[in-house]
Ligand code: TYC
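Shown below, as structure tokens, is a lone chain in the form predicted on its own; questions about how it binds or moves come after it.
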């Protein structure tokens, strides 16, 4: 019985680290495209997307969401692929929370 108690104590799970994903402002990407990216990739409502886009425009970057590492990395990659496909220089970055 003592062995089972030791095993239970050593198998406590830790929450995975979270990462914030930001879009960065540039002088070429259209505001409409940024709103589309926020709606399509980050599943924001139109109103949320417009507010985030305006934050990006005014402050240089805007928070799109907080995710585990793999999901954040995938979102950043999706943004870059979609931006390249549409010939925009839009950049996304992730930072540990």
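Positions refer to the first chain, counted from 1. Since we're looking at a predicted model, the values are computed, not measured.
Just so you know, the form predicted in complex with the ligand exists too; it's not on screen, but the next bit is about it.
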| query | finding |
| --- | --- |
| 4.5 Å heavy atom contact, residue 68 and the ligand in the model of the complex | no |
| Any non-hydrogen atom of residue 40 within 4.5 angstroms of the ligand in the model of the complex | no |
| The ligand contact at residue 78 in the model of the complex, heavy atom, 4.5 Å | no |
| Residue 82 within 4.5 Å of the ligand in the model of the complex, heavy atoms | no |
| Candidate spot 72, 94 and 97, all three touching the ligand in the model of the complex (heavy atom, 4.5 Å) | no |
| Heavy atom within 4.5 Å of the ligand in the model of the complex - qualifying residues of 51-73 | 53, 56, 57 |
